[in-house]
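Structure 1 and structure 2 below are two forms of the same protein chain, each written out on its own as structure tokens.
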Structure 1
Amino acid sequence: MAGTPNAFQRANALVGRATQRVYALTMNAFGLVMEPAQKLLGVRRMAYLFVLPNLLVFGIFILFPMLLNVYFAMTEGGNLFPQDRPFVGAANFERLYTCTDYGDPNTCLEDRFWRAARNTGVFVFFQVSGMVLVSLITSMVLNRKIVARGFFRSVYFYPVLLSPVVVALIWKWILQRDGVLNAILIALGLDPINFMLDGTWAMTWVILVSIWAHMGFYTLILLAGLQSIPNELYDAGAIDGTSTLQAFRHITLPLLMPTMMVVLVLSLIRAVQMFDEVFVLTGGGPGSATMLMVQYIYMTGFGTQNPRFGMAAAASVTLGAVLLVATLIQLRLGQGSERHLA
């Protein structure tokens, strides 16, 4: 390989030098502000200057809005600016939580909220359990002595990188009435099904598609967990004559538990927030059969002619509370599994 560099190597070196030049120039330009500031502040107080930009963005666009959200939830009307919004106390929450029969969304004042809550519950339950099961099986298969593990691992991981809109369009195209799936059903001698016009089928596919799109991520985490189990344990088990099933129950499962909990909580948090894929795939339909919580918030606050920001904020405070609980559980569990999760 040594000798005179070819054109590609020369171009590469050229780009590298140019990038370095631009990097140095940019950083020196910032230095024109930062270096006099150091003279002014002293070395130790420079720390504040370093955190400042991030803290400003963070404060203005995350921290302040989090506090403001609670205030929004206690005001009503279609005006966006807080000074134009009458304070109503807990009225939004009362309206949100008023039902004569909590088992039936139709009896609730805000029936769409409860329908979204129920859909989210169904979605989270089946999606998370399916996700954990499929990723566990896949990671165990990938952990066997197989040829081309890297290839198969990236096969399962690939959809994770696709944008939710792309994922939804891929499946919308497959699942449509004249789509390839119905053609396969007919070829097998079955009746075609209009998946997107049937509430149960639509929800089933929403769950399956989101598992398809995200399972690779959890498979990777579980695979890392599996690979950290020392092989000696299995060897010792083999000497004692344990069967494969026993080894799974008494070695794999207990040692994988911390990782499993991380996967469970992470997938739970993400399932509760699900929006993009479902919104593009079904639009929440048919009717409101697949409308999830974040879509309710979006529709109430933005996807309508007369936005009800107070209601949307009250719903998102509710969602935030649910997520907070899940996060706290994760932090508790995370202490036991820091090896796998940062």
Structure 2
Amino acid sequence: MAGTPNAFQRANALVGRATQRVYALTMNAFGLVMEPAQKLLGVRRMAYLFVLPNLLVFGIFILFPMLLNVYFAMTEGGNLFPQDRPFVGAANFERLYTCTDYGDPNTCLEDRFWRAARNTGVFVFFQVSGMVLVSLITSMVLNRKIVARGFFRSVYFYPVLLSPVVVALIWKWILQRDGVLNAILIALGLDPINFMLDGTWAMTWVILVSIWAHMGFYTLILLAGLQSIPNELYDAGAIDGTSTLQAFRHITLPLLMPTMMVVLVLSLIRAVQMFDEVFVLTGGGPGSATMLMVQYIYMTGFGTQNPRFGMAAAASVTLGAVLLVATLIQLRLGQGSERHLA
């Protein structure tokens, strides 16, 4: 009959009433807790109560492990529990930094640490530079009115959704001696190349693969920054006869600089912490040609039969300090560039 509610309408009404009831009970319970707390703490101090859960999570899972790592860096031995580890002070750092010639890792007591540090420096410089450049160019292209723009935006972001291990395995299948790339070279009448057995080739492909895998994320950030720039500025520049290069230099770059700094800092942190893709793709080889700092820390602490947790912790403290200083320098330079461009 017309006007008689069917089963779906009755179920929908029942769910709506149940939802309202649960909401009312939740608000009452919340009020029973918050009202006494507000009377006890006052309105201004209530903010500390709201951030307390996040502070607890940060303290338990980030701050406490950091402090424990610093303590481990000043102990030695293979025992895992802190009470079973003898305290040695700065001995691990002293051994880590002892070199006759810092430019030659062979003269250092921990030569693998300095090889990893040099490899990390090379990797970070070229990977971050290439990442920012490629992401900027890609975002500017995708910001234009091109055919199938939505499709290309999704395609460039797709590698970010893949697991780093999957990315490394795919490229390892492509680059190995009997892989796809060498098959193409042989089909063209060229000699195959041992990409994974040559240090220069291995480092080059590690950088290119990491850029390919992560550029979609930074492209998305820069694309959002480009879309926030008002089109009226470009229209006004076009009326004044501004060329494309001048518009990029005087309009796009200054307004995009805060977003560029975010991309630069995030890509730097990611590059310094790179481990999974390189470990699966090359294993740090050939030899130690692509061994980065995080892999050195892992191999020192967990990759041998005689783990040296103290030395691994000392190396991670060093890496964290360098990363903190580099980030602060980047932020300071970014602030200076913004004031100069303004």
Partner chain sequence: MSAVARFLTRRQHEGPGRGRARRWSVADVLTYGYLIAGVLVMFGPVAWLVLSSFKTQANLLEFPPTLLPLAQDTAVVDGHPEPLPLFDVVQDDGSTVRLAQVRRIGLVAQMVDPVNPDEVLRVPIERRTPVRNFRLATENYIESFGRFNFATYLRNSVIVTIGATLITLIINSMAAFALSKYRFRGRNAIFLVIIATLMIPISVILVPVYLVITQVGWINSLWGVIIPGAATPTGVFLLRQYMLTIPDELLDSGRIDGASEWRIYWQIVLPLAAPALAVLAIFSVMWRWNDFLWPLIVLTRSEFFTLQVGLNAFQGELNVQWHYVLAMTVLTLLPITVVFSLLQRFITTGIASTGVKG
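For residue numbers, the reference is structure 1: its sequence is counted from 1. These numbers were taken from a predicted model, which means no experiment stands behind them. Between two forms, the rigid core is defined as the largest C-alpha subset superposing within 1.5 Å.
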For this session: Mark the structure, either 1 or 2, that is the form predicted in complex with its partner chain.
Result: 1
Problem set entry | Is_shifted Asn69 between structures 1 and 2 (CA, 2 Å cut-off, rigid core) | no
Exercise. Fitting the rigid core first, would the Cα of Gln305 be found 2 Å or more away between structures 1 and 2?
Worked result: no
Exercise. When the two forms are laid on each other by their rigid core, does Gly59 show a Cα shift of 2 Å or more between structures 1 and 2?
Worked result: yes
Problem set entry | Distance the CA of Leu323 travels between structures 1 and 2 [rigid core superposed, Å] | 3.0
